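A lone chain, given as structure tokens: the form predicted alone.
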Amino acid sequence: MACEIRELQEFQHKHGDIIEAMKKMTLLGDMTPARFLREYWHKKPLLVRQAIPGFKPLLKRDALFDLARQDDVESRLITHFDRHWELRHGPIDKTPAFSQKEWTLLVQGVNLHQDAADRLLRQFNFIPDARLDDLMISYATDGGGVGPHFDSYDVFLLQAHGQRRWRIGPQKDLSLVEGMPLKILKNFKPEQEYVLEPGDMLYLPPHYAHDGVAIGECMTYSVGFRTPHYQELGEAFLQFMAETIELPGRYADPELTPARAPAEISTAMLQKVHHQLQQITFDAADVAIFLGEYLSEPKPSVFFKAPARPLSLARFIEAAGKRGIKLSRKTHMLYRGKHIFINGESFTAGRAEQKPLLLLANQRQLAGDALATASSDVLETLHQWYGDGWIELG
């Protein structure tokens, strides 16, 4: 018991509000985030019955289907009629009849479009925002699913409506059926089976095989996490560095001698260029700035909506002082030391400017009184973000 209290105190010290910590403990079945991360995260599944007691869908079925019709929403329609898998990418204008069995609609990034979905996603912020990805909603008719598969990331599967039967297993054979539009496991061998009711939640670590099948009409919410490939990070980092390197001068060879083999690149030329390229170096600060900009960059489908009639700076400061401000659902804001990152951009903040900005990044909102001592530079920056649609008045 004393150990659990110490863990909770440590978590509170890091993240601030004891009430929020208690909410997260309920979400994890009366388990502290520290214990969950130590014993389950990336290691083994966890089933939590009534992780959110009395949970009801945040969107009605028709509202979800309206989202799937939008150009700026990523959606997929998966059917398994007559034992034949088909996949169609959105926008999804037309779906099979609701009486038709074995089809599924997947809508990604619902948290970007609905406040309640965003609040639900933020309940999982005992995982750093740099890793948190999005909330996906899966609607399925009876027998619907996406086939036995595995994900390359951790996932929390929260049942929102109806029932879904999950079969899971830690198999090492991750070979896939060839010629399929979906990544379906060739030799799925489940070891456990659960039926989830609304409010129940199943956590699965990466590469843990699973197959979820709807029992009647159902909706499942999936909270996923970012796991970029190192190759992807490497390529993006080289592009980032290309914008910052400076190699003065131009290649020259005043010591050149007559060529015996004109087509051969000489050793002298190779060594000279090699020496110059070795001048390109980077340190942890470079990587931190790259990561902050890379991880806060919105997805290509994300667009911000600026206020129709933006307030002047003076009126914005007055309104923000009364109503507070909050980040747009679509805004990613991170920081590392003195570096602040927002929607793919970065800047350095002085010690006096950091306090309100770090509070805004962690809490995603600021009360009006928290802006009372903000510097003029911070207020001007916030006003600019307001004009861009990155933040909103509370």
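One rule holds for the numbers: they count along the sequence shown, beginning at 1. Values in this document were obtained by computation on a predicted structure and should not be read as measured data.
There is another form of this protein, the form predicted in complex with a small molecule, and it is not shown here; the text below is about that form.
Quiz item: Heavy atom to heavy atom, is residue 118 within 4.5 Å of the small molecule in the model of the complex?
Solution: No, residue 118 stays farther than 4.5 Å from the small molecule in the model of the complex.
Quiz item: Does the small molecule get within 4.5 angstroms of any non-hydrogen atom of residue 200 in the model of the complex?
Solution: Flag for residue 200 set to no.
Exercise. Indicate whether the small molecule has at least one heavy atom within 4.5 Å of a heavy atom of residue 220 in the model of the complex.
Key: Heavy-atom contact with the small molecule at 4.5 Å: present for residue 220.
Exercise. Would you check, heavy atoms only and a 4.5 Å threshold, whether residue 210 touches the small molecule in the model of the complex?
Key: Flag for residue 210 set to yes.
Self-check item: 4.5 Å heavy atom contact with the small molecule in the model of the complex for all of 329, 332 and 358
Solution: No, none of the three is in contact.
Quiz item: So which of 125 to 133, 309 to 317, 141 to 149, 277 to 285 is the stretch with heavy atoms within 4.5 Å of the small molecule in the model of the complex?
Solution: Only one stretch passes the 4.5 Å heavy-atom test: 141 to 149.
Exercise. Could you spot which one of 291, 106, 185, 168 gets a heavy atom to within 4.5 Å of the small molecule in the model of the complex?
Key: For this set of options, the contacting one is 106.
Self-check item: Contact residue in the model of the complex, from 157, 92, 160, 73 (heavy atom within 4.5 Å of the small molecule)
Solution: Selected residue: 157.
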